[in-house]
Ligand code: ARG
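Presented as structure tokens, the chain that follows is alone, the form predicted on its own.
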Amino acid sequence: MKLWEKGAAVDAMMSEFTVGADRAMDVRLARWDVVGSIAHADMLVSVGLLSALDGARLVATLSDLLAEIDSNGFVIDDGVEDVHSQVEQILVERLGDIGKRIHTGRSRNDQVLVDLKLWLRHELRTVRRAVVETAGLLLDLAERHRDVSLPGYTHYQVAMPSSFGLWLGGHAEALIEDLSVLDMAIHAANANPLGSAAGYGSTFPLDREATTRALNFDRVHVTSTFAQMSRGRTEKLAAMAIAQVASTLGRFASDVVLYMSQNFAFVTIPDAFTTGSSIMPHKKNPDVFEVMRARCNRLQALPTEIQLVLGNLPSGYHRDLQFVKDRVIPAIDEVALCLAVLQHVVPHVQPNPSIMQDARYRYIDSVDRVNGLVMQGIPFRDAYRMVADAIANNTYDELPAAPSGAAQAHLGSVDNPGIDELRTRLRRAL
């Protein structure tokens, strides 16, 4: 069944090629297609395009279908083009001609738009909650390990003292910042396109504000042309949010992979979270974080992929836009999976409390030595040269130690990682 069929035979290869993965993706949109149809049916009754009795029967049948979807899932039959066709076919099977009235004042263009926006709004909010939970978990771990020393590196060279509190807090803060990008994407999805029809409105007296209220959108797309142009644009903004979160997760995963290597030995992971080698008995590989890094790196390509689909399209609907759907839906699943796996594994990452005893960190407090000399009245550049010469001449241990009780007291430093401030920001984000 195809809603656009006019009786002429359709070439089978052409049909399969143009449908692509739509049926598989549309199953995910089914409940939202029904939700949108309920709001549309109610609106048709309110403007006199559908009798109250017919509207009530449509809404009741759609409500039953919604309950069936939530309990048992949804199947698109072979030969049925998409979710919209399947839902309408079910309505016709159960209600006869009344079911055919559901498409009044609507096009598949605004129908798929409302499905996608409702689905994206729901799924992005779910991802947002997972990001908040993950940031909170990292802050809990930062608090637990705040005083465990960790060498800081720049250019892959030993730099200055850090701590696990500072490291974990930094990744938590990145996730808190990522929430603003997610909020941008959620805002883009939170606009009602129903009533824009094929992109140029309708001669029917539709009440677009009524469906906006019914579907709890925070606004209506004013122009029918922009409503249509939001197809692809909304998904691209969602992809940018996904990519931003993936960037943060991927960077954290990369840190753990590095820190687990024997050359660093900053952290350990229980055997249950590692894999082995087929020929090297000693190997314990951090595959879970390597796979997470790869998944997250791949997700960061998503905005570019979508932009390449949109790049040379004029305004109006084009079939090209269908091939954005089968990228953004799996991508949201994947970033949600990465967040869930990180929450499952990261509490088991154990810091090494004796890292700083290694001789390679002999000079890691050189900046503190410089600052100690400055506190004694020596100009900074002279103090810097004195410490550099002592390192070069192997007389570093003869330098005055950093002042007793010296601490990095400012916000965001080793001795004051700002965990409470980050918790406050996270609470505000809720």
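When you see a residue number, it is the position in the sequence shown, counting from 1. Just so it is clear, the structure is predicted and the values come from calculations on it, not from any experiment.
Unshown form predicted together with this ligand; subsequent notes refer to it.
Within 4.5 Å of any heavy atom of this ligand in the model of the complex lies no heavy atom of His344. Although the partner is absent here, Val288 is not a contact residue: none of its heavy atoms lies within 4.5 angstroms of this ligand in the model of the complex. Among residues of the shown chain, Asn109 is one whose heavy atoms approach this ligand to within 4.5 Å in the model of the complex. Contact check for Tyr317: a heavy atom falls within 4.5 Å of this ligand in the model of the complex. In short, of 237-245, 211-219, 81-89, 305-313 it is 81-89 that has heavy atoms within 4.5 Å of this ligand in the model of the complex. A single residue from the set His171, Arg128, Lys325, Arg121 has any heavy atom within 4.5 angstroms of this ligand in the model of the complex; that residue is Lys325.
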